[in-house]
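The form predicted alone is given below as one chain in structure tokens.
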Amino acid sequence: MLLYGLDFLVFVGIFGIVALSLNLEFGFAGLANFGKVAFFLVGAYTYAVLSQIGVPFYLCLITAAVIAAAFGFVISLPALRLRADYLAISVLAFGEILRLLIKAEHGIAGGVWGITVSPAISLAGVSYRVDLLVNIGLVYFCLLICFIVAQLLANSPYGRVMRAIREDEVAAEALGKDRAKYKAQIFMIGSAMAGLAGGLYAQYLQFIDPYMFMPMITFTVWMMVILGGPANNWGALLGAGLVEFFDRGANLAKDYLVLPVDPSNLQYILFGALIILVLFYRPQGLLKESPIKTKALELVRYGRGVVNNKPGK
């Protein structure tokens, strides 16, 4: 049971990073990224390929984040010109196309057979418990860095501009804010975090294949953000913990309980019921958005006044 708990902590940390990245994109900037798994996949495969040729693990993680950010930038150029619903569909399609390309490629990524990954630190001869503790330290160190970056962005003038663009793009642009530039930047930052999480995911499991990066991962991360509370970084972490708890709890129930419903399906029933309850009674999520929102709204109102030739309204 202890090992199961330590494994749970590792996954909470990894998906906490992905939830923070989506929270920056959707919660603060209003970008509906339904292809989050694509950048998670890019980070994982970048780490896997580099680890096989002997690159140190910290360079593998940094490169995974950089390559994912580059993919995020390239995708953002055409995608961010689309409306929110078309943006969601196009990025979702990109994620599935990328997964199918990896699945069909056999020379580097191993195709459907997958690829083995070298661990971050060689711990030959030590117990599995020590290996888990090392992974927890590495994952939560990266999570801490991502959380600090997300908090600094959210509570800075940059974060207020992001929220202003989310609330009213036209009003923000009337004040001289280049919405395309800001959206591309935040898409890159979110993609870099997802790539970092993908690298951690690959090195922890020490094996990856295309079937581990199905669109369901994207929807799971969306559940984390919606449950925890969009535009609240603590909420993203809370949502990651809750979703992983239900996921792991269902798997544990499969081993120890006899239920009339398949536990694998029971977790999705619980997720659905929980999201419905949250949307009905706390549509803002379990944790509300930071009070700094009011300053963003003041900026938007002023911008609307400029648009309507009534400055100061």
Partner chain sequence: MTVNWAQILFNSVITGSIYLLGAVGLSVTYGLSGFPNFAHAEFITLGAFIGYFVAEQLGLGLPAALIVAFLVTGIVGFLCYRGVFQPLAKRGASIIHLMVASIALGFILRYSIGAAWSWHPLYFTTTWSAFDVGPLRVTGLWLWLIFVAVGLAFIMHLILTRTKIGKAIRATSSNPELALASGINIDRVIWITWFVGGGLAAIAGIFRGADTQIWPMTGWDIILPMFAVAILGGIGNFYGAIAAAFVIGLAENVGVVALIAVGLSTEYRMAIPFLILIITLIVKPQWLAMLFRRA
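What you see is a predicted model, and the numbers here were worked out from it, not measured in a lab. Residue numbers count along the first chain shown, from 1.
The form predicted together with the partner chain exists for this protein as well; it is not shown, and the discussion that follows is about that form.
Novice: So in the predicted complex, does any heavy atom of Phe280 sit within 4.5 Å of the partner chain?
Specialist: Although the partner chain is absent here, Phe280 would touch it in the predicted complex, with heavy atoms inside 4.5 Å.
Novice: Taking the shortest heavy atom distance, is Gly176 within 4.5 Å of the partner chain in the predicted complex?
Specialist: Looking in the predicted complex, residue contacts with the partner chain do not include Gly176, since no heavy atom lies within 4.5 Å.
Novice: Using a 4.5 Å heavy atom cut-off, state whether Ala88 contacts the partner chain in the predicted complex.
Specialist: Close contact exists here: in the predicted complex, Ala88 approaches the partner chain to within 4.5 Å, heavy atoms only.
Novice: Against the partner chain in the predicted complex, would Glu105 count as a contact residue? Criterion: heavy atoms within 4.5 Å.
Specialist: Residue-level check for Glu105: yes, a contact with the partner chain.
Novice: Would you say all of Val49, Leu144 and Tyr182 touch the partner chain in the predicted complex, counting a heavy atom within 4.5 Å as a touch?
Specialist: Verified in the predicted complex; spot residues all out of contact, no.
Novice: Go through Ala171, Ile115, Ala154, Leu92 and name the one with a heavy atom inside 4.5 Å of the partner chain in the predicted complex.
Specialist: Of the listed residues, the single hit is Leu92.
Novice: Please identify the residue among Ile121, Val149, Met212, Ile97 with any heavy atom within 4.5 Å of the partner chain in the predicted complex.
Specialist: For this set of options, the contacting one is Ile97.
Novice: At 4.5 Å between heavy atoms, only one of the stretches 130-138, 193-201, 97-105, 157-165 reaches the partner chain in the predicted complex; which one is it?
Specialist: Heavy-atom contact with the partner occurs in 97-105.
Novice: Can you name the residues of 269-289 that have a heavy atom within 4.5 Å of the partner chain in the predicted complex?
Specialist: Ile269, Gly272, Ala273, Ile275, Ile276, Leu279, Phe280, Tyr281, Pro283 sit within 4.5 Å of the partner.
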